[in-house]
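The chain below stands alone and is given as structure tokens, in the form predicted alone.
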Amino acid sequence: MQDEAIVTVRSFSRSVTQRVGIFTDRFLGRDRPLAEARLIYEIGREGCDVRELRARLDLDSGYLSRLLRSLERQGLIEVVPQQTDRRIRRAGLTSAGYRELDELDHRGDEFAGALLAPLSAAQRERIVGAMQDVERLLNVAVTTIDLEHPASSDAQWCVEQYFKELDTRFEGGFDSEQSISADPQETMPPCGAFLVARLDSRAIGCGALKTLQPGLGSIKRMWVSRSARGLGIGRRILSALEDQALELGLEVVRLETNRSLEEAQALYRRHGYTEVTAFNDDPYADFWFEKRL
């Protein structure tokens, strides 16, 4: 990576951390460190399970417990076990916690307004656009793509969302029973692989691979959440599936797609897939692609 790029990233990080008060105990001018303020935001008006907070914020359980106890001592939150499963604890704001959240929201708006005020209209447009770009690109950088058991809750959720979308986009709807199979036993080692993409611990995409015969595999269940499209996540999932194919000793991968999925067709063509004659009788397929790895 270029030295200049590294210098720019570090300079940007220093500038942001200084201006939002990360290194003081007065985030946004309150007598509260950033970690506590962020935790109040994440608990929010609806409350949140402690284990979800830990995953969402990627915090050590001990550190999170200390933060929660501090907010409890201040009378801002309550942490109580769920009635249905007392092993699960849920954090919720007290009346004082709601007032603190309102104040943090107000001061956050003031901070943003003060930052933008000295700038011209054109400069404001530029900095807001740049911030949007930075946020989207940071999301790409921190998105993880991992091997997953195809029967896991996240894997099944992704497949369900994928099927629901196909049902709305395909002329005449979509019935998974009529499509070429990609069952859990087909998409886990040593026969295949199932990948899940996550952003801030939330599943946002998936892809599956199954072996058709020695040296030949099929890519299935390629899906990315609408909220994460345009970030290159689909390309990353496809590349990761190809890596899995190589590990399984596959030399060629195939896939089929419907004419309504134009963005998928464009992705496959850009990624070196060549359109070939039909190699199966999937009733929803209009295009068939192949790539030698």
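It should be emphasised that the depicted structure is a prediction, and the values quoted were computed from it without experimental measurement. We call the rigid core whatever largest set of C-alpha positions still superposes within 1.5 Å between the two forms. A residue's number is simply how far along the shown sequence it sits, counting from 1.
This next part talks about the form predicted together with the DNA, which is not shown.
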Worksheet item: Among 61, 66 and 86, does every residue place a heavy atom within 4.5 Å of the DNA in the predicted complex?
Response: yes
Worksheet item: in the predicted complex, which of the listed residues (51, 259, 229, 235) lies with a heavy atom within 4.5 Å of the DNA?
Response: 51
Fill in: Listed residue that, although the DNA is not shown, lies within 4.5 Å of it in the predicted complex (heavy atoms), from 250, 264, 34, 240
34
Item to complete: Within 4.5 Å of the DNA in the predicted complex, counting heavy atoms only, one of 136 to 144, 167 to 175, 86 to 94, 216 to 224 shows up; tell me which.
Response: 86 to 94
Practice prompt. Could you tell me whether the Cα atom of residue 200 shifts by at least 2 Å between this form and the one not shown after core superposition?
Written response: no
Item to complete: Taking the rigid core as the superposition reference, indicate whether the CA of residue 165 shifts 2 angstroms or more between this form and the one not shown.
Response: no
Worksheet item: Taking the rigid core as reference, does residue 90 move its C-alpha 2 Å or further between this form and the one not shown?
Response: yes
Response to the item:
The CA atoms of residue 139 and residue 66 move 3 Å or more in the predicted complex, ending up farther
